[in-house]
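Below, in structure tokens: the form predicted on its own, a single chain.
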Amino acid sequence: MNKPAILGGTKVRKIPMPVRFAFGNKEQAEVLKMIKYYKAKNEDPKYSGLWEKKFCNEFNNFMGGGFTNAVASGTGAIYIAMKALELQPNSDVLISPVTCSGAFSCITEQGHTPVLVDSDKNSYNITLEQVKKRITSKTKLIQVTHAAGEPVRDIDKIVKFAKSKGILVLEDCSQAIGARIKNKLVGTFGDIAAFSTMYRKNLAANSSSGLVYTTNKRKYFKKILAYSDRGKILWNDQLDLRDPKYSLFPALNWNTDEFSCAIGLANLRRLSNTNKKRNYFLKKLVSEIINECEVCYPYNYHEGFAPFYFPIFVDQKKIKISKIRFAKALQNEGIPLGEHYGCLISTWKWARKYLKDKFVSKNALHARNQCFHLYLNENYKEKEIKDIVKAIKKVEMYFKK
């Protein structure tokens, strides 16, 4: 029997997997174009400049309409989105079980209380049924995370239910930019949406960056603009906005920059193709795993995904080792993956004192404990499918009962 590389055998994948290079030739060209523009004007690149306007306008077009503001980070996008909704003080905010600690902290830092919601079984995403179980008399917002590139399948039902209760919905689309459910893009269902566009995301606009989006200009967009830049009345170009006396209220500076927006603009222009290539790869990989593997099986996949990472489950009843050791054995075969995901609120000891109660998201924890996360990008092709499946089968064969 071929010994796994973790035990001294020869690894399946001897060369590194293809890298992404989100900062490619087109991104570089757009940055240089931006620099040339400002040099010709004899002006330093600024915030709220031409490339930010271009980036936001093209993102609006990508989303099928609406209003966007580019900001300094994904956490900042969630923070601004929540501020723009102007919740009552000390509100309860329902939050998805699998999310970023920044999303959690946006709730606590604004003086509200996080209320944890569980996911569906074998999923990281919430359902309407789970939401209904956790509604309180003080609930004013549901923070819905579309995790792992998977659109929340009940998002339309959750929004409809929330409206019937006078509750707002913020969609966190950071891990699912361009994902669709019922032929609608995530981010277009709720009252407001936030996107992380940091360097690892499907839409990458420099090291740290984000977008705030809404379809409701009258009610929310001016507030988004003001809360993103020290309370300024950014839509009034007759004012001297350097003078703080014209601000509407206290607020922080979450401005992004022209370099990030130039990178994001070029990256956005190939986002649809990025997601198309990732879905093509994933569809074929899922089919191969189902047909060829005995111990591993894929997450519930459909073509509405905007693949970011992909959970693969391990039937631990069929192997002699733990899921974590199984995943580490695959890593040693040259397959990049995360063996035990950490973005589950129920596992953060520091967060417990801030939660509404001692509720534990058992479904989400069970899903995490049964799977590892395959890392992927749009440059993965047939060779990578063969090597991933070959590595899984090799580790399965050696460690199965």
Ligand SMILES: Cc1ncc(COP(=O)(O)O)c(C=O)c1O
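Keep in mind it's a predicted model, so treat the numbers as computed, not measured. Residue indices: 1-based, along the sequence shown.
One more form of this protein, predicted together with this ligand, exists but is not displayed; see below.
Peer 1: Check whether residue 256 has any heavy atom within 4.5 Å of a heavy atom of this ligand in the predicted complex, and answer yes or no.
Peer 2: Looking in the predicted complex, residue contacts with this ligand do not include residue 256, since no heavy atom lies within 4.5 Å.
Peer 1: Contact between residue 74 and this ligand in the predicted complex at 4.5 Å, heavy atoms?
Peer 2: Yes - in the predicted complex, heavy atoms of residue 74 and this ligand come within 4.5 Å of each other.
Peer 1: Are any of the heavy atoms in residue 228 no more than 4.5 Å from a heavy atom of this ligand in the predicted complex?
Peer 2: Looking in the predicted complex, residue contacts with this ligand do not include residue 228, since no heavy atom lies within 4.5 Å.
Peer 1: My question is simply whether residue 125 lines the interface with this ligand in the predicted complex - judged by any non-hydrogen atom within 4.5 Å.
Peer 2: Residue 125: no contact with this ligand in the predicted complex.
Peer 1: Tell me the stretch among 232 to 240, 167 to 175, 327 to 335, 149 to 157 that has any heavy atom within 4.5 angstroms of this ligand in the predicted complex.
Peer 2: Comparing against this ligand in the predicted complex, the contact stretch is 167 to 175.
Peer 1: What is the one choice in 260, 214, 145, 275 with a heavy atom within 4.5 Å of this ligand in the predicted complex?
Peer 2: It is 145 that has a heavy atom within 4.5 Å of the partner.
Peer 1: 198, 289, 319, 135: which sits within 4.5 Å of this ligand in the predicted complex by any heavy atom?
Peer 2: By the 4.5 Å heavy-atom cutoff, the listed residue in contact is 198.
Peer 1: Is any part of 236 to 268 within 4.5 angstroms of this ligand in the predicted complex by a non-hydrogen atom, and which residues would that be?
Peer 2: Nothing in this stretch is in contact.
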